[in-house]
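There is one chain below, alone, in structure tokens, taken in the form predicted on its own.
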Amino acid sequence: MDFLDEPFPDVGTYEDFHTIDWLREKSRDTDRHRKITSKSKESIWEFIKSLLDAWSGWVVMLLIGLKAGTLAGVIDLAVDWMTDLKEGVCLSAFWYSHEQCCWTSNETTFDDRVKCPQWQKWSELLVGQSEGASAYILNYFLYIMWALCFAFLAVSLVRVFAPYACGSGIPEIKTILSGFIIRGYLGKWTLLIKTVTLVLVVSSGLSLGKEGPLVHVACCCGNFFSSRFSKYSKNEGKRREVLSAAAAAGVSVAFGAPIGGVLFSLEEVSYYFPLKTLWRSFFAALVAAFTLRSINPFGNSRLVLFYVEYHTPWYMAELFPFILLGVFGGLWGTLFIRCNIAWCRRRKTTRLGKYPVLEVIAVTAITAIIAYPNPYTRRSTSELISELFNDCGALESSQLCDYINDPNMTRPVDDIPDRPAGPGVYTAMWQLALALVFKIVITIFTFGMKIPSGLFIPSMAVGAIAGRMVGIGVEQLAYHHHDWIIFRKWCRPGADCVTPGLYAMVGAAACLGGVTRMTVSLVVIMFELTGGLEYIVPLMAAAVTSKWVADAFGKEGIYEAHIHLNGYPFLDVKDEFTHRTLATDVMRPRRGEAPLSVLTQDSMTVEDVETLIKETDYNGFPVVVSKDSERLIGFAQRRELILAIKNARQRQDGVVSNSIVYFTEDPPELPPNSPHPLKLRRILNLSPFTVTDHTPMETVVDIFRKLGLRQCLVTRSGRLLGIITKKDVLRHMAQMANQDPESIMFN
């Protein structure tokens, strides 16, 4: 019996930092499905097994949704409590946040709903004073100490237990979904440490969010459950379908936006997204959102993070400031990407990268020291965005709603007309201006440190601050100059015509779009996030303008920029290849290089093959009829050659170093005293993808993108000339763009 008739360990697997062969994985899954279908007709038990196999995908989606929703709920509750812990503690139950503590108090009044005897600031608890310079200094000092403690614990856990738990995770998820192998990046330790440290870093007050890392957490859940089913654990292509759906569930629980999550996975992170994956992503996002809603971490019985109710429609004249906010978002996105990439490159190439703990401590200390005096930077970024989005109703106590009221006003409370701004609004305006500058600068240095760090919320905060300031400006302009021709039709005295919260929402969408270059999914996430369904047109206008402006300075979003910075082999479908080069210009070997390393179909010994493997580091070898004719037969993977020879020596008698290796179906008759031959036809890919030497590189790049190839052989009239790998394509594209081709580090 041929030893290859039985499966042997590790066959069909890939080494770390290598790219999978999508065509091969698809073919293997088709074979597996064909076997199951034919066996299902043999007996009832086989039929039941085929049903279980068909339903296993939906079971995995259900488990991912449940776990991702549960983890997101726990993270939200823990972040609320630990963020408030920096300022005080609840005496009745120390695990309550400030809001929960005052909910449960019988002594809380409507006018002072944020104050209750059970909640005490640290100065009240330690020295019995709530006001005065000494109380302020003590609270200030403890705020900084708590922030430093949380940040130090987070960076230490990441560094010691799970180095892959740092960053947002989305650049690496995009690379993994394109077919790259990064072992351990979606492992159990990464899941555990990222969940714990995410709570710590968000609570520390650093300018980062938990939304991006929640995509990484959900993908870790997806990897964990898919490894429990052989259908996915033994097929890297099928596993990536599960991870695409898990990414959708991650955004679903991050923002409470299940439809936006599916579109985000489709538009932003997924490389291969068949229709079946779309349905399963929708189901996983639905289950995750339902689980989060059941936990109710925000305590308002709503799934969305920033629910708003605006009572005023928008007017056509307001499109101009909305588009201006889109321009601001595009410029901010360009500024952020360039500055952040420059800083991250400096971190990688200088001694700064050797001290990640010190860097995190320094940035945390600077953030806490500057943030505490300003009430808009002291609170958590999510609370800040929520306040900026809110409309000013009769019950609002925010400083942003300190307008001068007309005592003769007799309108209903849900239709408050525009009024002149009071001293509180002017104070808030300059505090917001300082907060805007601070957020812009500190976010550049925070994103990319060796801690979990999301970018959605800080980007939205920058846009929301700018938007609210523009909104208040337009509102006051309309109030004081309602007789101008632009305001005459829609801003009569005593009418509520401008909603500053809407401008904050549009600004948040514009800045997030400028940084990530999202469009469709961004608009859907924003209206799901806020419940502002009738404001889709302003959001679309801002998102499109933001993308146009940002694309004018560079096509890369922040995630693609970090992929290129890290040298991952990622062929972006959004990039256009416009150069007039041919396959012969890119293939190896080039002129002056050693000839291509090949295997022959029936003239090499086991020792020859082992020597070739030892002396080269190629991932595979073309198999030809002979070195003279070089007519192509197929392609053999390096890893499978090594495993096949190793297993043959152990399990097949007579295979020695001078045994002839045959890649043919029927080896010829050998003399009686010759060693036993080794037949390796089974591991040979008989249909490797080939192009001619005159194929335009534009076509070759398109083939690599759409088929997910690892390598492509170059022939002329059936004769082998050379090989083009994914790494060769990426190097060539970098060279054509006047970049360093050696920045592509992995296979």
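In case it trips you up, residue 1 is the first one in the sequence shown, and so on. Model, not experiment: these values are computed from the prediction.
Below: the form predicted together with a further copy of the same chain, not depicted.
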*Can you pick the one in I323, V609, L286, I472 that has a heavy atom within 4.5 Å of a further copy of the same chain in the predicted complex?*
L286
_Candidate from E87, E560, E528, E124 lying within 4.5 Å of a further copy of the same chain in the predicted complex - any heavy atom_ = E528
*Applying a 4.5 Å heavy atom distance criterion, does W45 contact a further copy of the same chain in the predicted complex?*
no
*According to a 4.5 angstroms non-hydrogen atom cut-off, is T699 in contact with a further copy of the same chain in the predicted complex?*
yes
*asked:* Even though the partner isn't displayed, in the predicted complex is L434 close enough to a further copy of the same chain, meaning a heavy atom within 4.5 Å?
replied: no
*Verify the contact flag for L23: yes if a non-hydrogen atom of it lies within 4.5 Å of a non-hydrogen atom of a further copy of the same chain in the predicted complex, no if not.*
yes
*Looking at 325-333, 612-620, 534-542, 376-384, which one sits within 4.5 Å of a further copy of the same chain in the predicted complex if you count heavy atoms only?*
534-542
*Within 553-586, which residues come within 4.5 Å of a further copy of the same chain in the predicted complex, counting heavy atoms only?*
K574, E576, F577, T578, H579, R580
